[in-house]
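Single chain ahead, by itself, as C-alpha cells, in the form predicted on its own.
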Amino acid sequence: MKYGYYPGCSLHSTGREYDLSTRAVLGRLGLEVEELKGWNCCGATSAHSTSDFLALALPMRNLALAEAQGRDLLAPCAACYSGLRQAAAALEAGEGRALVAEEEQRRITGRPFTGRVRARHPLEVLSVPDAVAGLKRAVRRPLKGLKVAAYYGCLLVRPPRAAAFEDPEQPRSMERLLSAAGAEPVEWSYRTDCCGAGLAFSRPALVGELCSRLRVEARRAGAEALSTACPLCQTNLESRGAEGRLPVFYFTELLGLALDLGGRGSWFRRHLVSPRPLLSRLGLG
C-alpha cells in the first residue's frame, strides 16, 4: 500500500534519525511512502498558541495536497499528526473557524480539502494484527533483554477525537510493536504524561522537573531506555533535567535494530545520550 508522507520540519532537521528509521522500517515491511510535494510547516506550538486560524489553515493545506494525490498521509511526528487530525476533525464537525480556514486556504491555493483522505500515524498502520505478524516474521535480531518504557506523550493520543486509533489513557500500540521486536515493555503509569513540550526555553526549570520525573519513574518501573514517537519529547527527555539520564529511542529505531537494517549506526550517532553502552551490554550493538 502506498501513502503520502509528511515529515514536518523536525524530521528534516533535529529529528533526522526518526525520519531515516521510519522510512527504512516502512520499506522493509512493504509499506511504500512518497513525500508530500510542496508541504508546509504544520504550525506546531507557535500556531496553536497564537492563531486559531493558522493552527487550522496550515494543516489543511497539507491535507488538501494529500487529497489531490489521493492518498492518506502518514505523519510520524506526534505534534504534526495531532495538528493534522484536529484540523480534519474540526472541519468534519462543521466548526465555524474550521470552515473559514478551509475556505481561505482553498481560495489561496485553489485546492479544496473535503475530508476524503486521513492523516495516519505509523503506529496506527504498523500495530494492526497483520502488520504485527509481518513484523514478527521479519525480525532478524530480537531485542532480547531490552527493558523499555513506551512513552506516548500528551499529543499523540489526545484529544480522543483526533487520535481515534488509540485509547487516550492506556495506549498499547507501541508496546505491541516492541514486544513483536523481542523487547520487554515495562508497565508504568506515565506513558501519556507531558514532558513540557515547547516550554523548554520559556520555562526550562519546569521542563527539567517534568523530564527528570519521567526518567526516574521509567527506571523505577525497571526500564533501561525510553521509546517515543515525538521529536520534541525525544530531545527534552535526553537533554532536560538532571536526574535519571538514560537512552531515548524513537520506536522505529528499535524496530530497525530488530530488523537488522543498515544505517542504524548513523541513527544512534545523533543521540545526545549514547545508546551504544546499553546495546553492547545486551549483545545488540
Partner chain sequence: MAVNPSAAAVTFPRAVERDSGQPVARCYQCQKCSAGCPLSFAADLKIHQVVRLVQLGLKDEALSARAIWLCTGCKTCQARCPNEIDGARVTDALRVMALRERRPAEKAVKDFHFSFLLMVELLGRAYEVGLILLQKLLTRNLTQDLGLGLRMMARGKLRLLPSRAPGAREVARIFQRARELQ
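Note that the coordinates shown come from a computational prediction; the quantities given were computed from them, not determined experimentally. Numbering follows the first chain given and starts at 1.
This next part talks about the form predicted together with its partner chain, which is not shown.
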query: Counting only heavy atoms and a 4.5 Å cutoff, which of 70-78, 177-185, 139-147, 204-212 contacts its partner chain in the predicted complex?
result: 204-212
field: Triplet T50, R97 and L155 all within 4.5 Å of its partner chain in the predicted complex via a heavy atom
entry: yes
query: Of these, L31, L246, A44, L259, which has a heavy atom no more than 4.5 Å from its partner chain in the predicted complex?
result: A44
- prompt: Closest heavy atom of L54 to its partner chain in the predicted complex, within 4.5 Å or not?
  reply: yes
message: Taking its partner chain as it sits in the predicted complex, is R219 in contact with it (heavy atom to heavy atom, 4.5 Å or less)?
response: no
Its partner chain contact at L135 in the predicted complex, heavy atom, 4.5 Å: no
- prompt: With the cut-off set at 4.5 Å between non-hydrogen atoms, does P112 touch its partner chain in the predicted complex?
  reply: no
field: Neighbours of its partner chain in the predicted complex among 27-42 [non-hydrogen atom within 4.5 angstroms]
entry: G38, W39, N40, C41
